[in-house]
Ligand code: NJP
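Here you get one chain, nothing else, as structure tokens; it is the form predicted on its own.
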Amino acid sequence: MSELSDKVVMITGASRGIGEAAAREFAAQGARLALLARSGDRIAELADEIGETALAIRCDVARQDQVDAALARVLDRFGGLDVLIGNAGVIAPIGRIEDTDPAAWGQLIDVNLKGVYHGMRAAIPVMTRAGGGSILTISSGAAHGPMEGWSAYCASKAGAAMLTRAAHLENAQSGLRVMGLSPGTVATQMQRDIKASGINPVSKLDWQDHIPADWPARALAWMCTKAADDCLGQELSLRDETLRRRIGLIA
């Protein structure tokens, strides 16, 4: 039996890409799922595919009240929360700082950074009362180095990485397992949007240069097991071949 069997897992940005792949991976390992996204129709379809162990919740993570309401529904349906995956993220606006729209720049921060905060703020008290839980944040190499045209994205990911470290510092003693995952470039719609922008070296990559979305999904599931206990508080990078072998992604 999987360590994830019957665990309650809430995934933000679950309608596509890494979030959708994670939903399928956790479902395959017997978890009960809360799928959050702004695209209500798509997550409803995904929940229907998975079955009665999945709950679709339309939610804008940029709003604390919607995240709180989503968690209340999770607790009402499943009775607890074992894992929070802060995956929701956007890449736009792409452009030089002086050319970007301030409202769009701020909206990205609301989703990519404040959305992670909103999820943590809601989940931490629930997990603390229960004596433990895992909080996983999707990070990026962009958190640690600037990329032309990605001022908002890089700033948001750098902030989310520090927020994840702060959550570990404050809550490890309460039994919470907090980590980040930097997957590298993944074959998702975001990479198609980056390609279309034509800005910076990432847009020049070929599709075959990106890893499949099921790799970070499998990594996230592994991070929720005892096998990853020596990684608590860290940001794990799937560019690391040693980590890929530990997870079983490569031989």
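Note that this is a predicted model, so its numbers are computed, not measured. Numbers for residues come from their place in the sequence shown, where the first is 1.
Here the subject shifts to the form predicted in complex with the ligand, a form of this protein not shown in this document.
Of the residues 136, 74, 111, 176, just one reaches the ligand in the predicted bound form with a heavy atom at 4.5 Å or closer; this is 111.
Proximity to the ligand in the predicted bound form, defined as a heavy atom within 4.5 Å, holds among 223, 70, 55, 61 only for 61. At a distance threshold of 4.5 angstroms between non-hydrogen atoms, residue 163 is out of contact with the ligand in the predicted bound form.
Put simply, residue 119 is far from the ligand in the predicted bound form: not one heavy atom of it is within 4.5 Å.
Taking non-hydrogen atoms only, residue 10 never approaches the ligand to within 4.5 angstroms in the predicted bound form.
In the predicted bound form, no heavy atom of residue 50 sits within 4.5 Å of the ligand.
Between 98 to 106, 82 to 90, 163 to 171, 122 to 130, the stretch whose residues reach within 4.5 angstroms of the ligand in the predicted bound form through a non-hydrogen atom is 82 to 90. If you take 164 to 183 and check each residue for a heavy atom within 4.5 Å of the ligand in the predicted bound form, you get just 183.
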